[in-house]
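First, one chain by itself in structure tokens, the form predicted alone.
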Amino acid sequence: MEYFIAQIVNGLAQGSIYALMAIGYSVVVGVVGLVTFTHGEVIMLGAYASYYAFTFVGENIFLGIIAAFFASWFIGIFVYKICYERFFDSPRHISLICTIGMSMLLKNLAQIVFGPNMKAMPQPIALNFVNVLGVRINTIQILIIFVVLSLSLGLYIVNNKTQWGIRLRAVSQDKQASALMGINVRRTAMIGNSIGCSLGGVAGMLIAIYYQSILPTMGGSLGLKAFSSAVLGGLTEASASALGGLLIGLIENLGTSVLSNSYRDVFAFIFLVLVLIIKPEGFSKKVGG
């Protein structure tokens, strides 16, 4: 029984990271209006930014968050300028293909610059265990859940309490009407893309801390998890995408408690397929997101 509870806690911690990745993905898709295949590499680069911040400046979690956030923010601007801005009025598949090429470019550049081998991720906090309502939780899991909740709350405040948030929501709903209301659609889309990438970058830092390792090719599977979670949420609904990420994390860990850890991804994608067969719109409130 204790092992089962521990797997649920692990699933919630890992699912929280997937939720943050999915929220970032849904922000990108919602504001830009296009599916992206660079999100996994953005997550990976955010993890490396925090790695080097921890290595050369100091093992401070707030420093790592700042490094991952802003490094991914600027990567988001770069990706937007290359893959989206030039093709706003072009067929949608052109930007899609461009993001695939950008993903390959970033992954290969990371292998050249950072090296192809796995690195040990510095730990900004000591690994200790505490009892919360009789459940044994480690400090890294508490850190992950706290950071994800804080960033989710911050995004909610930005979206609902600021002028930029109103513009972001307007652009995600109707770009043409937003332009007629005087909103700079391209600049707003760029900022939305950067926000989504920044959330993904912080998630990359958290996943590297959780597994205590970092690798240039880690973005491939993480990008698929973010995409899968966002699909469960209808692609553009952040809250529903977050729920998808949480459930995928739980299903993975509960599945590995029964069978081998090598089936982790199998459980996640079987769950995705089953949900979409039963409920094609996922957890979205409306069909098609």
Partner chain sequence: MKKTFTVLTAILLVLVLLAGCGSPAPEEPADPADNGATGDAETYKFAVLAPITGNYAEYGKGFEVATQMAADEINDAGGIDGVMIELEVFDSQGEPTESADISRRVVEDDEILAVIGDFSSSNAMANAPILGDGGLVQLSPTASHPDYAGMNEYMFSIMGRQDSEAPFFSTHLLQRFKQAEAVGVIYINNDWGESAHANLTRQAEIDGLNIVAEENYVEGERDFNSLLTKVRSTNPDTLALIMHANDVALVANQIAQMDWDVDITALGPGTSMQIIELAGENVEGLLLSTPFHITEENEEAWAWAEEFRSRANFEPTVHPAVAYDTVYLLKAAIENIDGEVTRDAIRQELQDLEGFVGLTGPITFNEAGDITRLYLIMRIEDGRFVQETDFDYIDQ
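Positions refer to the first chain, counted from 1. The model shown is predicted, which means the values in this text are computed figures rather than measured ones.
Quick note: we don't show the form predicted together with its partner chain, though the next part is all about it.
Contact with its partner chain, judged by heavy atoms within 4.5 Å in the predicted bound form, is confined among 190-198, 150-158, 68-76, 107-115 to 107-115. At a distance threshold of 4.5 angstroms between non-hydrogen atoms, I209 is in contact with its partner chain in the predicted bound form. In the predicted bound form, its partner chain sits within 4.5 Å of a heavy atom of N253.
In the predicted bound form, its partner chain sits within 4.5 Å of a heavy atom belonging to N261.
With a 4.5 Å cutoff on heavy atoms, P91 does not count as touching its partner chain in the predicted bound form; it lies far away. Shown without its partner, the chain has no residue in segment 43-72 with a non-hydrogen atom within 4.5 angstroms of its partner chain in the predicted bound form.
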